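Taking the form predicted alone, here's one chain by itself in structure tokens.
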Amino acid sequence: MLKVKDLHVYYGGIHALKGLNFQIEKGEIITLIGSNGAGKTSTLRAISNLIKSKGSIKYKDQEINDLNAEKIVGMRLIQVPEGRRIFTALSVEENLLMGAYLRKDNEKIEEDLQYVYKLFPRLKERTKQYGGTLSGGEQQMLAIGRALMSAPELLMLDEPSMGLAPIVIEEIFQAIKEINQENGLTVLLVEQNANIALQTAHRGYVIETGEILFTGNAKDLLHDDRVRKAYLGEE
């Protein structure tokens, strides 16, 4: 579904991504793990064409490097950004419906709205509440729900656990598993919390200073001494 080849990103004189290569098959959850500043967010922003990059990015066999971000969203490659970026002055339901602004299939939009409420019951309880008054966890649920309203075929999540309590993180990641298992939705997950990311994903890539160090089955990486020492805080 997505194939990234020899991806480079520069911020002025800083070489942030140094020839990344990875791919995602339809129906997979793939995680990109690494420390702060490793290049994880830059990778997602390059795929969404929010920043300029060099190399090849193919989505469903089509080169998308030169497409603008709006066109990429229209192809149902959807990103949930770091920091949620919800519309604080709109209600929960208005935020969700904003996710469907490119769609014309009104009946399916209503069906997807009810699915989001089923996935995140707390949003259903707060349909008329302003987004800015929600807790951090509820805002993350809202950001994911808004992305689901775009009817994604590939969903990219940037640090969904950031700043959340452990019990809320569990709820968020259970929802990620559920949308993958129920709907076959392909997910690219960027996450600093390597433990929960690898418990959720099928495969993982470890990135450091703009380069992929190694890759493998997520369960294998979870028990890999290099990962445990560097990212799980174990000796």
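Remember, it's a predicted structure, so these values are computed and weren't measured experimentally. Each residue number is its position in the shown sequence, starting from 1.
The form predicted in complex with ligand ATP is left out here; the points below concern that form.
- Contact check for Phe214: every heavy atom lies farther than 4.5 Å from ligand ATP in the model of the complex.
- Contact annotation: Asn36 falls within 4.5 Å of ligand ATP in the model of the complex, judged by heavy atom distances.
- Taking the partner from the other structure, ligand ATP in the model of the complex has a heavy atom within 4.5 Å of a heavy atom of Glu82.
- In the model of the complex, ligand ATP sits within 4.5 Å of a heavy atom of Ala16.
- Of the candidate stretches 168-176, 23-31, 38-46, 53-61, only 38-46 has residues with heavy atoms within 4.5 Å of ligand ATP in the model of the complex.
- Looking at ligand ATP in the model of the complex, residues Tyr117, Glu153 and Thr186 place no heavy atom within 4.5 Å of it.
- The contact residue chosen from Gln199, Gln181, Gln192, Asn68 relative to ligand ATP in the model of the complex is Gln192, the criterion being a non-hydrogen atom within 4.5 angstroms.
- Shown without its partner, the chain has Glu159 as the single residue in segment 134-160 with a non-hydrogen atom within 4.5 angstroms of ligand ATP in the model of the complex.
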